[in-house]
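Shown here is one chain on its own, the form predicted on its own, set out as structure tokens.
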Amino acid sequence: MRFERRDHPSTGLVLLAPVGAVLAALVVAGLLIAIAGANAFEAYGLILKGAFGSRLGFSETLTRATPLILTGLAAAVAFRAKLWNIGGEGQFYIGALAVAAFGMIPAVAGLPPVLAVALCLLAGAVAGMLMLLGPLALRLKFGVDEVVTSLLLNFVAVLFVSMMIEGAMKDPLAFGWPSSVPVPGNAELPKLMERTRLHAGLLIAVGAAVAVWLVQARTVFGMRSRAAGLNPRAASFAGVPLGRTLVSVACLSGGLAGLAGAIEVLGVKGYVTTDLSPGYGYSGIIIAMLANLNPLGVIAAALFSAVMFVGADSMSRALSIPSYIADVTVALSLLTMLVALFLTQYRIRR
């Protein structure tokens, strides 16, 4: 048996790879559910019911998917250009902190709501950009691997946020709980459904996915970023400015992750805490891989992850199965997706 590289993987094979990966992950997770003493079909039915079977479940699923779309886009944009941004979590937190800091400026409270929201979102995106430009500068100048630097900056960012919300930005009305001063009311994102947490950030996230897809498919920058990822030496020989292209990619990727943190503050929390993210930055990497780095596919992958995380809670209560099965399923999806991507590039020959 040997592996033979495919000359031109078919479009159908590429499109079916994510579907096959998810189905394989669900089968393996179903075996684990059966070992735990429950019926896998019943468990998956309860997950779907918990995610979509009620007004609260439906709104929470979409609310959970919103930051996942943006962090998934951040990873997909960077990975396509072979810029290994593993710092989405830190960029998320820095973007959230920038929004809280900008909201503390007295003049912001007097701005029209549309302008206040736009400026806060811009502040979060710029903070995320700056967070990634540091590792990129070290790579371009000294050849330092950005996987290590961006990953380690996640911990630096979270510790810096902890220092700020327990010091200069601490809310004196929080009864000692470490949290930042709330953003002003005119900077909060409007709700899409009354009496739920679903907010207009969902529309921003979906719009960002469509915009990124158009940029990558229809612009010179998109062509250059794809060329830089496919073959940097050939792209440079063809006249693609690799340095400038990677800087633009880093700005877009870090900006999307920072925007995710900003939207989470303006739409859900209203202030910053150290538990603002349950790992959105790291989950974004899995979502980008599940989507095969396709910006539109990121929406579907983020929704799948949100369904698993939200629905697993109700399934856990009904069947007495740990809700960690959602984390296991999403992680298995990444592993099966890697196998599926390998099989789209190679065929097995005897």
Partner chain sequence: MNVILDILSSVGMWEAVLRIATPLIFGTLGVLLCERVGVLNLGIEGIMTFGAMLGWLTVYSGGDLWMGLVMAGVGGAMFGLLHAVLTVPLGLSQHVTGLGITLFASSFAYYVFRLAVPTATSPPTVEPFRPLAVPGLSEIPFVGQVLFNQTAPTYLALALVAALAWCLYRTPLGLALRMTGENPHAVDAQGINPVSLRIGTIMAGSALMGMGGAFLTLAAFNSFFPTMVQGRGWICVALVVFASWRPGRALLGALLFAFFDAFQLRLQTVVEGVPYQLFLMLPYALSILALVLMARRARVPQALMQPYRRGER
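These figures come from a predicted structure and were not determined experimentally. Positions refer to the first chain, counted from 1.
The form predicted in complex with the partner chain is left out here; the points below concern that form.
Here the chain stands alone, but in the predicted bound form its contact with the partner chain, taken as any heavy atom within 4.5 Å, falls in 157 to 165 among 157 to 165, 210 to 218, 196 to 204, 104 to 112.
Heavy atoms of Leu153 reach within 4.5 Å of the partner chain in the predicted bound form, making it an interface residue.
The partner chain in the predicted bound form comes within 4.5 Å of a heavy atom belonging to Ile86.
Heavy atoms of Gly53 never reach within 4.5 Å of the partner chain in the predicted bound form, leaving it off the interface.
Contact check for Ile325: a non-hydrogen atom falls within 4.5 Å of the partner chain in the predicted bound form. Between the partner chain and the residues Ile321, Leu46, Leu303, Leu26, the one pair within 4.5 Å by heavy atoms in the predicted bound form involves Ile321. This chain is displayed alone, yet in the predicted bound form one of Leu230, Leu133, Val148, Leu242 has a heavy atom within 4.5 Å of the partner chain; that residue is Val148. The partner is not shown here, but in the predicted bound form the stretch 35 to 60 reaches within 4.5 angstroms of the partner chain through a heavy atom at Ala36 alone.
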